[in-house]
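First comes one chain, alone, set out as structure tokens in the form predicted alone.
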Amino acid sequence: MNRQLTQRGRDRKRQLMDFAAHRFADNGYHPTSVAEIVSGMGVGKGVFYWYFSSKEELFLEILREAQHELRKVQQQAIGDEPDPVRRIELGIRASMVWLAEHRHLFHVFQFAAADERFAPALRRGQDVAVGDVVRHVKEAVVLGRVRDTDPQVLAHAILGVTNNLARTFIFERGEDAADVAEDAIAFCLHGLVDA
């Protein structure tokens, strides 16, 4: 639904999305109903349907917005850094911190990956992330900082390592995001940078 919203309307929509994202992460997508969301927010169903045509649309918007926010944080962390290897490092650090601060959204991503209705939207966002990393890897290859290997493979490897370490060490074991980021960077860069 594309409505022109006032600032108050954008704030209300954001509140609904935030509340619903936490409910989806805590209880799962299927058990969480629109009635539960509006009841928890203390609003009527009309408010919900003003912003979203369905629970599915709400979930997709949460997914898109979360991926967009993560990418924005990564881009801000990278800034104008000229060194492509350093950009990869900064992106990994920013990702770990963001994931640790938004644990509930990591659970939303995991559910989306396993559900055929949401997996394509998640993949579209992941394709953008891969494209960002590929650009950095290609530049590093040209500069001789990374060995000449398929940039797509390396980008997927970097993202896979980052996501797996976040899931295992931040979410399951409760370790510090900065420490986990250091381990991810050490692994990725030692596997990428020519000695």
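Residue numbers run from 1 along the displayed sequence. If you superpose the two forms and keep the largest set of C-alpha atoms that fall within 1.5 Å, you have the rigid core. These figures come from a predicted structure and were not determined experimentally.
We do not show the form predicted in complex with the DNA, though everything after this point is about it.
Of the residues 134, 161, 60, 43, just one reaches the DNA in the model of the complex with a heavy atom at 4.5 Å or closer; this is 43. With the partner removed from view, the residue among 27, 168, 149, 54 that has a non-hydrogen atom within 4.5 Å of the DNA in the model of the complex turns out to be 54.
Contact check for residue 8: a non-hydrogen atom falls within 4.5 Å of the DNA in the model of the complex.
Not displayed here, the DNA is approached by residue 35 to within 4.5 Å at the level of heavy atoms in the model of the complex. Mapping the unseen interface onto this chain, residue 70 falls outside it, with no heavy atom inside 4.5 Å of the DNA in the model of the complex. Using a 4.5 angstroms threshold between heavy atoms, residue 141 stays clear of the DNA in the model of the complex. The stretch from 125-133, 141-149, 43-51, 60-68 that comes within 4.5 Å of the DNA in the model of the complex, counting heavy atoms only, is 43-51. Taking 2 Å as the criterion, residue 9 counts as shifted between this form and the one not shown: its C-alpha moves by at least this amount when the rigid core is aligned. Relative to the superposed core, residue 159 undergoes a C-alpha shift smaller than 2 Å between this form and the one not shown. Core-aligned CA deviation for residue 70 between this form and the one not shown: less than 2 Å.
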